[in-house]
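Coming up is one lone chain in structure tokens, specifically the form predicted on its own.
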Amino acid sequence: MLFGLTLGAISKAFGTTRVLDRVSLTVEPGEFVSLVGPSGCGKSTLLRIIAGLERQDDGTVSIGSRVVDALSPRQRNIAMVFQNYALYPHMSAFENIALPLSVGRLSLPERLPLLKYLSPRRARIMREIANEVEAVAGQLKIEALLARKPGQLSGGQRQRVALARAMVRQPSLFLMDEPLSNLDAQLRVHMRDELTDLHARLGATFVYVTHDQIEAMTMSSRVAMLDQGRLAQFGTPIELYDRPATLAVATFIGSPAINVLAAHSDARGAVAIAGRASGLHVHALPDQALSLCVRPEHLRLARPGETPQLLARLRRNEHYGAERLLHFDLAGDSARSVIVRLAHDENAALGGASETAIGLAFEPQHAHLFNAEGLRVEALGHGTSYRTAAQ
């Protein structure tokens, strides 16, 4: 049976430091939801509260329709996969996977070194456990590793054993705390695919903590981004990318990072960048300092005869095979730079001298505006309104 998760206004403080501030969200049964955000934003603390390893100061945790605040971690029927795998080094992979089943099904005497051999009941239960362990090992293709100890396994193999130990319990909810961060880059990509396939096969509810926004964007049904203990935005990966609700979301999601430009609206709400018209208007915020953000793929070289929104000088041209990144310093402000992403075969008339100012342009509908508090504001571009994700 599938279970969802509901967090109701979760708050938590350590001493005078408030790490979570009224965080509320609902994870639907069978969803893959990632909790992302910079270090210290509270995502791991929130996961520990869901698991019952930490007690919140205020708010409620519900699994399905049941409030579980008073239940222990074991009673919540949650499986947790840790960053360091938490495998017992003196046990084989089989024994590590079987451990939660044997602890739950065998009495204390049946687990003692000498008395366990006197129980016919134990032999029957262990046969059942062995069948379940082998079935899960088959799903993860680690049957040949069951006799090995963790020290004889690679990082990816240890990760699969840790996943198998979580799966064999058939939990209500899978919680994962940065499980891929100890793997090398190539293996992380491979394990992302395996986790996505595993979620599709199991149809279970996953809550996944990561500081790597690429992991969150590629694996998740929805992404919850935390910023300074608060829920900044909760939506699909494309919603966070295309319509960031705050400046923090805009700058965290996306690689390379979004270009952030200092802008200002005049008395009529027309937005300018360094005195140059942007094509945007914010009638509700006249004479205000703003942040104007444009993703690298939406910034381009100005066409002949076009009035550019920016003037810049090329500093570096990076080739990545399928694409290239052009790094520019803004004219008159060498401390501020922007990145333009181009396809590798896209013609770019850059000229011969890096000292030559080059015009850069963007379509107003692809720009994002944020006020002094970092909240998204509604804008008008070329007289046409476009929907925002402002909270």
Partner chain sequence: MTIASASAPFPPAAKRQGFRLSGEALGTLFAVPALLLITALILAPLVCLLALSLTDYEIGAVSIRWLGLGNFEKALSDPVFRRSIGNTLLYVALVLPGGVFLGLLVAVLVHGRKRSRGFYEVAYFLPVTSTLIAMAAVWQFLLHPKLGPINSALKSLGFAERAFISEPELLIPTLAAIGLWNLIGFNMVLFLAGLAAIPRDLYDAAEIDGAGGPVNRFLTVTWPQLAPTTMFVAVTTSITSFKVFDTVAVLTRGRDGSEVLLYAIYLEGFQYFKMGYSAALTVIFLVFMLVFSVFQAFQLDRRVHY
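If you're wondering where the values come from, they're calculated on a predicted model, not measured in any experiment. Numbering follows the first chain given and starts at 1.
Just so it is clear, the following notes concern the form predicted in complex with its partner chain, a form of the same protein that is not shown.
A.B. asks: Choose from 338-346, 49-57, 324-332, 31-39 the stretch whose residues reach within 4.5 Å of its partner chain in the predicted complex, heavy atoms counted.
C.D. replies: It is 49-57 that comes within 4.5 Å of the partner.
A.B. asks: Checking a candidate spot here: are 73, 86 and 103 all in contact with its partner chain in the predicted complex (at least one heavy atom each within 4.5 Å)?
C.D. replies: Each of the three qualifies.
A.B. asks: Report the residue, out of 270, 262, 112, 189, that has at least one non-hydrogen atom within 4.5 angstroms of its partner chain in the predicted complex.
C.D. replies: Going through each option in turn, the one that passes is 112.
A.B. asks: Since exactly one of 250, 312, 78, 223 fits, which has a heavy atom within 4.5 Å of its partner chain in the predicted complex?
C.D. replies: So the residue touching its partner chain in the predicted complex, by this definition, is 78.
A.B. asks: Please determine whether residue 283 contacts its partner chain in the predicted complex, using a 4.5 Å cut-off between heavy atoms.
C.D. replies: No, residue 283 stays farther than 4.5 Å from its partner chain in the predicted complex.
A.B. asks: Would you classify residue 165 as touching its partner chain in the predicted complex, given a 4.5 Å non-hydrogen atom cut-off?
C.D. replies: Within the cut-off, so yes.
A.B. asks: Just checking whether residue 124 would be counted as a contact of its partner chain in the predicted complex - the rule being heavy atoms within 4.5 angstroms.
C.D. replies: Outside the cut-off, so no.
A.B. asks: Can any non-hydrogen atom of residue 141 be found within 4.5 angstroms of its partner chain in the predicted complex?
C.D. replies: Looking in the predicted complex, residue contacts with its partner chain do not include residue 141, since no heavy atom lies within 4.5 Å.
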